[in-house]
Every structure is written in structure tokens, then in C-alpha cells.
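Here's a solo chain for you in C-alpha cells, the form predicted alone.
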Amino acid sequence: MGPTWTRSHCPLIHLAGAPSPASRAPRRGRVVSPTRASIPVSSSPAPAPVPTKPPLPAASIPISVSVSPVPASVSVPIGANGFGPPPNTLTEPVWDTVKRDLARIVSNLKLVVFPNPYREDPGKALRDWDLWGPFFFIVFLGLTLSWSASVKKSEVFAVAFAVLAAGAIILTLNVLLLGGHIIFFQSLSLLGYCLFPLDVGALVCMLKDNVILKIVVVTITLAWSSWAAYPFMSAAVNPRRKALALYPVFLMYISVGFLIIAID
């Protein structure tokens, strides 16, 4: 009689019939995992990526650097005393302004009337021109002639002032119409400064009432004024038109000379 196989002797049957560890665990203590949130997914297609230009290589970008030359010398305005900027004439005292204007008048008078090296080059003379000097000389000549007159003093002053002022303007326009290279107010200033010798002659004739003395004094001062105006007016125009520019100047000075002699 062969061996009897029981359930306990068959390992396969034993394993198949044995309960699993998971089935033996109590169901009450099972941990339930939380429900995961659902992420909404759009059904529209994703936007196309924007193409970006690749950066240029460093060697292909032109870079120009301009270097300005450094000046060798820097011009700085210097005042009259040699240091610092020029003074502000709007805030300076009145007496300083008067002294500066008087110094300018004396300087221009020396350049125009008296002999000096700049007479050979009229362009360098009377660069710092002014109208105070000519205005003073015209008014002084008119006052001197009015003081010399015995009657109608105011009319004599008005006629003298009008003749001198209008004559200077007409002579300047004549030079410009002839193609002269001169500034309008600079020419007025020049013609006014040339009246200084005639002012001296009128003052002498007022102090010494003598006909012969008047003729001599007026002749000398007339030649002096013409000599002072000659280089400046002749250099401003073409040499072929020099006589057309100088003749009216001499005519005006001669008229003033006759006016000095005739007034009594």
C-alpha cells in the first residue's frame, strides 16, 4: 500500500490554499489616498514661437570713435587790468563809464588827427570806433559858431548842426555807392573826428575877432582836417574813383571854413 499524500505534504497545494498577507490585513484600517485635482487642458493649438534674429557677430558691427583734437591754446577773455573776464559795464559806476569813453575818444582822436604809424594802414586805425566823439565835436562847433554870432544864435546853431550831420551821412553814402569798403557808422565816426581842427579854428576865431587872423587860422585848420581824412577815404574806394570820393569831403570842410569866417 503506497504512501498517502495529504494536503500538508503537498507544497503546491499548501501555497495555493494559503491566504495572502494582504487578505489577512483588516480592511477597516486601510488608508484611502485623496482624489487628485484635474488640470484643465485647452484643446486650442499652442501659439507658434516668434522667430528671433540671431545676434550679429561682434566683428561685423562697425564702431566709429571720433576723437576731437585738443586745442593747443584756449582763448580766455581778459579784463582791462590783465586778469579775469572783462568787466560788466551794466553794473559799473557812472564815473568809470565816463572815464572809459573819454579814454576811447582821446585814443581815436590820436589815430585820426595826429601823425601815427597806423595812418599807413587805415584798416588798423579806428577799429574801436564810437559816435560820442563825433557828436561832441559837431555840437561844440555849432555852439562856438552860435556864440560868435551877434544875432540869431539859435538859428546859427541849428544850421551848423544840420549841415555837419547831414553832410557826414551824404559823404558816407557817396563812398558806399562808389563801391567803397567801409562801415557806415565807422565812416561817420571818421568824418566827425576830422572836424577837430576846425573846432580849434572856430574857438580861436571866436576869441580873436580879426579877419586876417580868421583867414589864416581857417586855412591851416582846413588843410589839417583834409589831411586827416585823406588816407582813410582814399583807401576805401578804387584808385580810379578816389577823386569822386574826396571832392565832396573837401567841399564840406571848405563850406564850414567859410561859415567860420563869415559869422560875426
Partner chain sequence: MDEGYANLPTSHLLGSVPAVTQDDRKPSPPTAQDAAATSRLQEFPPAPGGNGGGYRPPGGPADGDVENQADWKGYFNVASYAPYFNVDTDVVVDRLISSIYPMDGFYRKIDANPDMYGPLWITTTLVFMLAAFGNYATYLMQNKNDLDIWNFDVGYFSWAASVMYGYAVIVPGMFFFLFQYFGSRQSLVRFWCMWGYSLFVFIPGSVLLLIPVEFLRWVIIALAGGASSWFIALNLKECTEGADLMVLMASASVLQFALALFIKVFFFA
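Keep in mind the model is a prediction, meaning the values are calculated, not measured. Positions refer to the first chain, counted from 1.
Keep in mind the form predicted together with its partner chain is missing from the figure; the text below concerns it.
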Though its partner chain is not shown, can you say which of Leu109, Val98, Leu173, Leu131 has a heavy atom within 4.5 Å of it in the predicted bound form?
Leu173
Considering its partner chain in the predicted bound form, which of Ala235, Leu222, Met206, Val200 comes within 4.5 Å of it through any heavy atom?
Ala235
Considering its partner chain in the predicted bound form, find the one stretch among 175-183, 189-197, 131-139, 101-109 with heavy atoms no farther than 4.5 Å from it.
175-183
Report yes if any heavy atom of Val94 sits within 4.5 Å of a heavy atom of its partner chain in the predicted bound form; otherwise report no.
no
Answer yes if any heavy atom of Val151 is within 4.5 Å of a heavy atom of its partner chain in the predicted bound form; otherwise answer no.
yes
Is it the case that Leu143, even though its partner is missing from this view, gets within 4.5 Å of its partner chain in the predicted bound form, heavy atoms only?
no
4.5 Å heavy atom contact, Val113 and its partner chain in the predicted bound form
no
If you look in the predicted bound form, which residues in 139-166 sit within 4.5 Å of its partner chain (heavy atoms)?
Ser150, Val151, Lys152, Glu155, Val156, Val159, Val163
